[in-house]
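Have a look below at one chain only, the form predicted alone, in structure tokens format.
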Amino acid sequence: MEIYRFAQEIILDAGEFIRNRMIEDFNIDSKMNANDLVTDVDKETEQFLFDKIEERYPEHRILGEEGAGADIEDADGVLWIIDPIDGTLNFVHQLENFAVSIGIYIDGKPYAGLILDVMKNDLYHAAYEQGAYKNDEVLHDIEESSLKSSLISTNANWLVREGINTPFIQVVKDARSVRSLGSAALEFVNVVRGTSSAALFYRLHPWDFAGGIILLNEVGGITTTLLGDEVRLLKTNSILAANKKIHGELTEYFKADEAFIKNHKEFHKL
């Protein structure tokens, strides 16, 4: 459990680094589009974590959102998958509701997942098959629920995107209500805590989901693609993170829509 304990130490250190750094001025740039932001703090935090891991475990490999491990094509050995700031738009506009996310895998198998709500300094963490925790508090298995009685989360962008929006619209109509937090890692946390019954995403990268998948598994939840298929660890995926009852209900909406299936296959290069 040495790696797990070390991961807890450095993610808390990274949170402190961000809270101190955000007091100072920082630059904001865009990546793929004007709404896909990256700041100096994203890059510096990834480097902060990279340096600590490399110093302690030089044989480990690191895949990060801001460029670390861009040439990694397999999950052999010990692999750290890191998002230094998940929810950069929130970081820039709100100065809250963002997280540091770490997933650790050994030969492609889950080892540990950690998500730090930076501004609350709440650490959600789990070692595989050892239970999940909020700081030192044990998190219990989540309750199962049906869609009509559930609060769920998804991004409004998917409701207006032609070719994929029909099942998303129907899910929103049939749910009790819908929220969008703007941080995939914290959406996972809400499902882990049971304050949301499901989180639906059309596209996430490995650093967005690597930690959350492990945490959710430890409280009896399940993570697949929206079509119910196994998540590919090193690829982009659609993601459905949910309690087991609503998970089965939700996948049927997407499996029944031929246009969605076609566009999903093309978009994710399946």
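Position 1 is the first residue in the sequence shown; the rest follow in order. Predicted, not measured: the structure shown is a model, and the values here were computed from it.
Omitted from view is the form predicted together with a small molecule, to which the following refers.
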Notebook entry, point to check: So in the predicted complex, does any heavy atom of P167 sit within 4.5 Å of the small molecule?
Noted result: no
Check: How about V189: is it within 4.5 Å of the small molecule in the predicted complex, going by heavy atoms?
Finding: no
Checklist line | Distance check, I81 to the small molecule in the predicted complex, heavy atom within 4.5 Å | finding: no
Check: Is there a non-hydrogen atom of G194 within 4.5 angstroms of a non-hydrogen atom of the small molecule in the predicted complex?
Finding: no
Item checked: in the predicted complex, segment of 137-145, 116-124, 179-187, 71-79 with a heavy atom within 4.5 Å of the small molecule -> 179-187
Notebook entry, point to check: Pick from L204, L240, L63, L216: which residue has any heavy atom within 4.5 angstroms of the small molecule in the predicted complex?
Noted result: L204
